[in-house]
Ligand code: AMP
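Only one chain is included here, represented as structure tokens and corresponding to the form predicted alone.
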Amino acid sequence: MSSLPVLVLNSGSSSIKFSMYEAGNGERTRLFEGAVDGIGTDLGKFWIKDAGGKKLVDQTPAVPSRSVAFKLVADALHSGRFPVPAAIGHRTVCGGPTVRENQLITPQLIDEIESYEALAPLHTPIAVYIMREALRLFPGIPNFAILDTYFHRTMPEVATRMPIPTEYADMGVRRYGYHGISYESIIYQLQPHVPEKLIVAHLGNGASISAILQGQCLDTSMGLTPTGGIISGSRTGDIDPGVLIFILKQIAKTTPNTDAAAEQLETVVSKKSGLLGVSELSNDMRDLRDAIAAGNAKARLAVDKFCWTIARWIGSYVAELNGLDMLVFTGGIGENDIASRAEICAGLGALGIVIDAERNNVRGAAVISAETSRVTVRVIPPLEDLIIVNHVVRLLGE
């Protein structure tokens, strides 16, 4: 095998990220990366930079729709300035109960994934659109769905089964877990010395935690949808079901149509809650830290709620693992928010977790635990695109 350029497509609710790796002859070299941000706005951002960080494309176009956004990407890739991909890997948040394995994308597979879009309504619609467009625009090039849920398939039934009537469980209502590609990348980076008992906290605008035993997922915080689990940027996380019933009844007073009422409830729990809902200010931790410094009490409460919730999950997972060897922070907040890491770990000394303030004063990869800590605490940035490339190469049989 010689040259094998692999394109990675990672779509979100308001962005499309992409990168290309040279994966031939056992190599894993990133050639370039880029993104279209601000989908649905008149002032988006479209950029591409090479492996050295040099900007190759830097534009601020109107990006009113996902179709316009992906056309920018496709046109650039077809411009002759970049290698033609030999294969394409798509980050796929959820394939539902029937699509559990990473696999070759076919029109039938896309239809199956789309039928479960309610499980990841912010991600799946744009992902299936891009899959269809990629098949059309790159004819003859194999495309692969690489699932965030794949890593969590090792969870036991006691973790995946919801306490609901069987008729709903049979419809696919279960704990799936998300951010799995990120978690895989942490295990990959810890090789060959993966701790037996590991907790990884992926903290960003979307946040989750996983308990990992001997390199395999034992439990994870996100459930049927990415809205479950811990409080995040604009999502509630786990919440008393009675709260949802109460809110739905309030919505129904002015919105008698059932589907419309359900959509409004989805907007409340996924887009208007979490850090944004409590602070009434922002879903961005950087904004909230600035507001806290200025004395904003609601911002302080939102961040306290975030850190308090994560500490509770860590404690429960220590019990589930029957101990802990290592705690890893990853994701945008996990990597960059020094204060959040310190606040989360402040009350966990009884679990053997002690942070060194000087070591913690860092952004990026580091060991931040004190010498007296019985648990090693690390910061490790995720390498999601690399994991997608690895799966694509494996599925190609190369």
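Source: prediction; values computed, not measured. Start at 1 with the first residue shown and count on from there.
Just so it is clear, the following notes concern the form predicted together with this ligand, a form of the same protein that is not shown.
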Of Q264, N205, N296, S316, which one comes within 4.5 Å of this ligand in the model of the complex, counting heavy atoms only? N205
Between C345, I39, I48, I333, only one gets a heavy atom within 4.5 angstroms of this ligand in the model of the complex; which residue is that? I333
Whether D284 contacts this ligand in the model of the complex should be assessed with a 4.5 Å heavy atom distance threshold; does it? yes
Closest heavy atom of R363 to this ligand in the model of the complex, within 4.5 Å or not? yes
Based on heavy atom distances of at most 4.5 Å to this ligand in the model of the complex, which listed stretch, 192-200, 247-255, 122-130, 284-292, is the contact stretch? 284-292
